[in-house]
Each structure stands twice: as C-alpha cells, then as structure tokens.
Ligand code: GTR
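Listed next as structure tokens is one chain, alone, in the form predicted on its own.
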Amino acid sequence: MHKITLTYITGIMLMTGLHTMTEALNLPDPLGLENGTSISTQEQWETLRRSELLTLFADEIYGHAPAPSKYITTFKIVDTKEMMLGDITATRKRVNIYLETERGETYFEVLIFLPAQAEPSPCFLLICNRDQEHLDPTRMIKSDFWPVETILKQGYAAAAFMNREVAPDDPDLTWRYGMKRLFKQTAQSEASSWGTIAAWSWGASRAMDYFETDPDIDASKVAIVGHSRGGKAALWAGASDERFAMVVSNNSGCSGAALARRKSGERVKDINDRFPHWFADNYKKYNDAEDDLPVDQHTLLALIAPRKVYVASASDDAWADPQGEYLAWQMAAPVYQLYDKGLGIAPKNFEPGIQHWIGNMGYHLRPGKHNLMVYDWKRYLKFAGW
C-alpha cells in the first residue's frame, strides 16, 4: 500500500495565543492501490480504488449494513399541512419510512418543510442527534440547529429525521429498538457487522429512497448534513451512497473528518471505549494503533468526489481536532483534482473566520464551541448554490 508523508507548518489562533505546529504524518495515498500501484485517471478511481476504499472502511471501521435483499421499504405520507412560518409560506410533510423483514416491521419519521414554488425543490437533509425539540413540527420552538426558515428562504426544502428512531444511541438498546432489531442479533458478534453510525447513515439513504418518489423534491440535488456523531454518519452516508449531491461534516472529529494518525483530541480508543456500539468490532483493533489503519479520514472525504463536500470546524473544539479536519480536507484533494474540482495550491491560512471554497471542496473554521449554528448553515447554503 502506498503511503504519503505530510509535512505541514501552519499558524492556528487559539485562546492561549498563536502556536506554530509542524506535523509529519504517514498517510495512506488516496491514489495508491493496496497492491502498491498508483492510479491517475477517473476511470481507475471509479473502478479500482473507490471500491477498495469502501470495502476497507466497511470492514474495519463502520461495518456492513444489510443487503437490500434482506428488507423491504415502503413510505406513507401521514400528514400534509400548509403553514406560515413568519412571512414564509411553506408546506409541512410528515413521512413514515417503513422497514419490513422476516422479523417484523417498524418505521421512522422524516419531517419535511417545502418552500412555496412550482418546480421541485433541492433539499437539505439533517441527521438530528439532538433532542426532539430541535425538530419541532409546529415551529413554535425554533432552533439554530435546524433553521428551517433560513433554509426555505434560499429555495431549499428542509428535511430531518431523529437518529435515535433509526437506532438508539445506547449499546444496550441499539439491537432491541429501531431498525436494527429487525435483523438477526447474532450479526452483532461478527467483527465487520454494522455499527450504529452505519445504521444512521443507512437511515439517510432510506430517506433518499423516499425523495426519489416525491415530485416536490429534486432528488438529484440533496445535501446530507450532520453535526458531531451525526457528521460522522453524514460522511459515511455520502461516501457509500452516491445519490447525495453534497455532503456536510460539521465538527465531526474522530472517525469523522479528523485524521486519526494525528492522535490529537479524541482518539480511536477514546471513542471505542465510550461508544462501543458506534462502529464495527474490527475498529477496536486500532485502539492506540491508529498507524495500523489501512485508511484514514482524508480517504473517506475522497470517496465523495467529485460531488460537493464541505467540512466545518470550530476554533474552541479541540476534542474534535479542527486542524486534523482541515488537513484531511486538504489531503482529499488529489481525487477531486482528477475531475478538475479540487484544490490547486492548498491554502495555508487556518484561523477562525477563514473560509475556503475551491471547486467542489468547501471548508470553514467558525469561532466558538462545538455546535451547529446559523453561521454554519448560511455557508452551506451559499456553497450549495455556488
């Protein structure tokens, strides 16, 4: 397997002042096959390296979701209502996505607000890992985490689902409730069986299945968005499901957008110890052994190419390793450059308030703490139409 050594010198403004950091990382080459040969064309990426990386991520980190032959999905619009959201006319839809297997049936809800326009709407889909109040269908409670009105004003539909309805975020419950309970629990003992992050990603793909049937939504222009653990799920959804036109990682950190080999902030052992249900059991092999991983998170970002990808960090979010997220974004560029949609000369400045939008790759570092805010959403909306 090819490796690339990254030497990077930059300044980062933190609360403690200006620090100069030099990092030397031995990263897997996104354009280097496991057999040691290199690729240089779009065709080689699409037929060789992309499938190789997807298999490695599924085997070693996120786990394999059930094959489509193992389940049936159906959809039901349970409620449609015209609403005034301040000075905005919108249509609210509540859609149940049903899953059926030989073990039974269950569903989760996708909440959708549509702008008042004749043509199908492009859509932002949020994987919501916060409390239900952030998705208040009445809009009596308005949350910056999901600013529906801001999204609608830009001509986009705003859709979201609760991650816990797909799979509870609890190691004792994830196989007892939600979607995973309809599959054999014996699969949990398999080292590459899907973790809960993969289940949430899988739920996003089932929402996309529904969007393809809804004449009010332009399913060719759907952006998947997630924050923190939801950002990890959004990245895996966008990497494994090429129907998503844009993928947004907001403060996703370890096992999301941040490079594991930096060993900064939350590390692989930290996340596996605290959240043993999130990933495939194989991932535990890399506790305190990140350099042994056959992949790193820049190659996850590369799997989204040539579609739009946006990575966002927060300056006071050291646990998510903002610089590791920034470097991963930069190091995914060689694959985007195969399509002439990536970085030319990588930008060097890295400080709060800085934004980089180059080709189909976007990044910003927001001043402040670990959160998803209107500040972030406005940049995602602008980048989507850029």
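Each residue number is its position in the shown sequence, starting from 1. Everything quoted here is computed from the prediction, not taken from an experiment.
A second form of this protein, the form predicted in complex with the named molecule, is not displayed here; the remarks below concern that form.
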Among 228-236, 299-307, 172-180, 280-288, which stretch has residues whose heavy atoms lie within 4.5 Å of the named molecule in the predicted bound form? 228-236
Interface check vs the named molecule in the predicted bound form: of Ala90, Ile217, Ile271, Met208, the one with a heavy atom inside 4.5 Å is Ile271
Exactly one of Ser264, Ser193, Ser240, Asn129 has a non-hydrogen atom within 4.5 Å of the named molecule in the predicted bound form; which residue is it? Asn129
Does the named molecule come within 4.5 Å of any heavy atom of Phe275 in the predicted bound form? yes
Trp319 near the named molecule in the predicted bound form, any heavy atom under 4.5 Å? yes
Would you classify Lys378 as touching the named molecule in the predicted bound form, given a 4.5 Å non-hydrogen atom cut-off? no
